[in-house]
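First comes one chain, alone, set out as structure tokens in the form predicted alone.
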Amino acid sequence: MKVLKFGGTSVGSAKNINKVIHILDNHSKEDAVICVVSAIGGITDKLLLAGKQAQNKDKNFLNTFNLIKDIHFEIINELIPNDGEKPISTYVENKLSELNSLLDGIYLINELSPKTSDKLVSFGESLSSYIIAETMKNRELSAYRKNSQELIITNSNFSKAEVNFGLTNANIKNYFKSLNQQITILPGFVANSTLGEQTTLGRGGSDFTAAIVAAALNVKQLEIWTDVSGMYTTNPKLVKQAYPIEKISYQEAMELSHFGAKVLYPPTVQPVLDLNIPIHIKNTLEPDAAGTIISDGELNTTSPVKGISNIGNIALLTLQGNGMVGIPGFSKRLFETLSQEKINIILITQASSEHSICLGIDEKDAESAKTAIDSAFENEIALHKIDPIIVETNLSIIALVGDNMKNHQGISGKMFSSLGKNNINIRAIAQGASEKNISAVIAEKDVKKALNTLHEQFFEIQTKQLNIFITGVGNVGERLVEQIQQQKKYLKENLKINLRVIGLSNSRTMIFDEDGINLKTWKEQLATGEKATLDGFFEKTKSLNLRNSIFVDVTANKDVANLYAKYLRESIGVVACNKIACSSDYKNYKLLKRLSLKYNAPYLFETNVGAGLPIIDTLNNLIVSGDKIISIQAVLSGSLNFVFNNYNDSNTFYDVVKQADAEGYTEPDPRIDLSGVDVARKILILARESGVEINLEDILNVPFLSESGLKSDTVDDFYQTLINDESHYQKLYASAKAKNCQLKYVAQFNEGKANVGLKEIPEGHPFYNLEGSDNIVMFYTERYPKQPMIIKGAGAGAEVTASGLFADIIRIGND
């Protein structure tokens, strides 16, 4: 004999009821089947609503009643469309007439007692079980409906009646010892008292009915059919990577269910737990799915954590004060006060100093709890021995669950460090000595991020998800997106990094997709995106609240750089090729560094100097390994090196600068490059990364531009000065050529001072043969005092700059 229970969603439509009937038919071919059914999905809530409306003299109870009626008849008409007489309809019509009379009575006396409420909600299971049984008979299946109220006997504690197991077990055994039908349909949730009054079994009552029957008959297994394929590693609606747990212990299942897993209500399965009867959670909509087996048999213990769950709408109560220390009785009085108010405590934690006690309760009870506690401790509060109760709301509890966690070190450490890295603040922690459950109270807004973070840490194959938000998709930004698209598969397979571009913005429009933007069509999507604003992009990035979020700045915009601090304070990493922030006032530079450390948000800017060359990374490695920078000599402008490598007496300075602009080596405003400001910013950044406090105005900048070029008001005016002052630039070239030298724009840092300017570099010098747009940096250090460490290579261009940004992103992924 088998016992199967089907929940409200499983019988929530004619389509699903047909699936249930098919499942029962298949099972009955092997053995006799007992099927416990809930009310049709949503009906119990509607019955309670109608009762409340009637009690409050709200005539809308008639509309709710008619909706209940329509739902049932719509299902009947779909299940048996060609039954002319429809005996099912006649029975249902009569039952609904009884329901209508009951609601009328509630309306007249405007009273809804627990006893009447039990009678009211019992209509749901009564109707669903009858419809299903009669439909099966209509299809010539051997089915019969037995009213559970004739079998399950309780006391008169209405709405949550206690079962008289002596009478109940005897009734069940007597009835099922001789059966003529293969399938018995039982309404769940409902019972009768020893006085013959209608009662209900409370929350999870249908599960309880099934467990009572299964235990009384000592069946081999109880099957609970729902709308999900078992108990999941975590909530699949919030974590797409969640998957069903194949096997789990009773204790683990109860812990997960207590902390939000809705497929099972722990107290209801106690009868089968006592007899060690396995419970199989199955999916009505996917009957062939494996589901989850709950038992105390030999379980798979490869993973110490079996699941992650959460409860929302939590309020945290804190009772604290110096007068609590060493004084017995505070906890007793606190718990008694809440007990008298019938307020359930979900989580408890107390500091060893005895200075405070924290309690997690349902948020709906917070106001009444505060009133009751403040009243109970009125005297102590008046004497300033304790503070008035502190109430925090908009919280949630997340919990790691697993029987085997106690045998593995570092579970708590992994949990809290991974949450901390994603700026998820923990308000309270509770862990029992058995270590089956580690719970933490966090902000409700962080639940999705927390569950995804923990699931990635404990259940995924060490794949780290990075969520990227890019501002600036011009020349460099477009190349970066292309590189990400090209390498996405490689990163996932080889580096275990799941890289997703969530947000993209240019100066006009921006787009977001929480599941990752399709990088094959991003241009088309961006063309029709919403209006872009810098603050709007930040607010959307913040509100998505995704783990391992990284903001990538591919602009030269001061306003974008001014937002870095806001991103870092939200634990959103920043990767930038924009040099403005790092070369701004020293206080701002240090602030960004401090924020990066404080909020565990990486701040990387390798491309600020040398595009894709590992200049800053190399410098940082020297410093952290204990080396000290003595001096730096460098050619740091790819655009200026391109210009002077291509300028000679057979072309014009104007033409070469225009060529550099066309090939993407200069900023849109070439004065930034040719004035030396860009190079000054770069040597400034290297000096600061070497540990020196220095500002841009401290750097000596010796310009090579003509006086009119330096004073030009617009880009067009500047280009005109290049034409007008060609003789000025030819003199610079001629002077160098006469000495067999190459013109290079050189940055130098030595003994805390820095300068930039055009130099005539003699043959044999490392800078002499620097070709194209290449950069070169020479670090003289205590370890490299005579022969410097040299880094040389392409220092400008969209492709290499994009690759430098990409490398910083990957560096974050590998941390």
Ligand code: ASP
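Since this is a predicted model, take the numbers as computed values, not measurements. So that the term is clear: the rigid core is the largest set of C-alpha atoms that superpose within 1.5 Å between two forms. From 1 onward, residues are counted along the sequence shown.
Form predicted together with aspartic acid: not shown, discussed below.
Enquirer: Check each of A50, V756, A39, I68 and return the one that places a heavy atom within 4.5 angstroms of aspartic acid in the predicted complex.
Expert: Of A50, V756, A39, I68, the residue with a heavy atom within 4.5 Å of aspartic acid in the predicted complex is A39.
Enquirer: Note which of K542, R203, K173, K658 lies within 4.5 Å of aspartic acid in the predicted complex, where distance is taken over heavy atoms; exactly one does.
Expert: When aspartic acid is considered in the predicted complex, the option within 4.5 Å is R203.
Enquirer: Can you pick the stretch from 687 to 695, 104 to 112, 204 to 212, 627 to 635 whose heavy atoms fall within 4.5 Å of aspartic acid in the predicted complex?
Expert: In short, 204 to 212.
Enquirer: So, in the predicted complex, is F551 in contact with aspartic acid at a 4.5 angstroms heavy atom limit?
Expert: Contact check for F551: no, nothing within 4.5 Å of aspartic acid in the predicted complex.
Enquirer: Are any of the heavy atoms in Q55 no more than 4.5 Å from a heavy atom of aspartic acid in the predicted complex?
Expert: Contact check for Q55: no, nothing within 4.5 Å of aspartic acid in the predicted complex.
Enquirer: Any chance F642 has a heavy atom within 4.5 Å of aspartic acid in the predicted complex?
Expert: No, F642 stays farther than 4.5 Å from aspartic acid in the predicted complex.
Enquirer: Within 4.5 Å, heavy atoms only: does T781 come near aspartic acid in the predicted complex?
Expert: Residue-level check for T781: no, no contact with aspartic acid.
Enquirer: Where, within 122 to 148, is there a heavy atom within 4.5 Å of aspartic acid in the predicted complex? Residue list please.
Expert: Sequence-ordered list has one entry, E125.
Enquirer: Once you line up the core, how about F189: does its CA shift reach 2 Å between this form and the one not shown?
Expert: Yes, the C-alpha position differs by at least 2 Å between this form and the one not shown.
Enquirer: Take the rigid core as the frame of reference and indicate whether the C-alpha of N775 shifts by 2 Å or more between this form and the one not shown.
Expert: Shift at N775: below 2 Å after core fit.
Enquirer: Would you tell me if T44 moves between this form and the one not shown by 2 Å or more at its C-alpha, with the rigid core held superposed?
Expert: After core superposition, the displacement of the T44 C-alpha between this form and the one not shown reaches the 2 Å mark, so yes.
Enquirer: Taking the shown form as reference, are the C-alpha positions of D365 and S159 brought closer or pushed farther apart in the predicted complex, with a change of 3 Å or more?
Expert: Closer in the predicted complex, by 3 Å or more.
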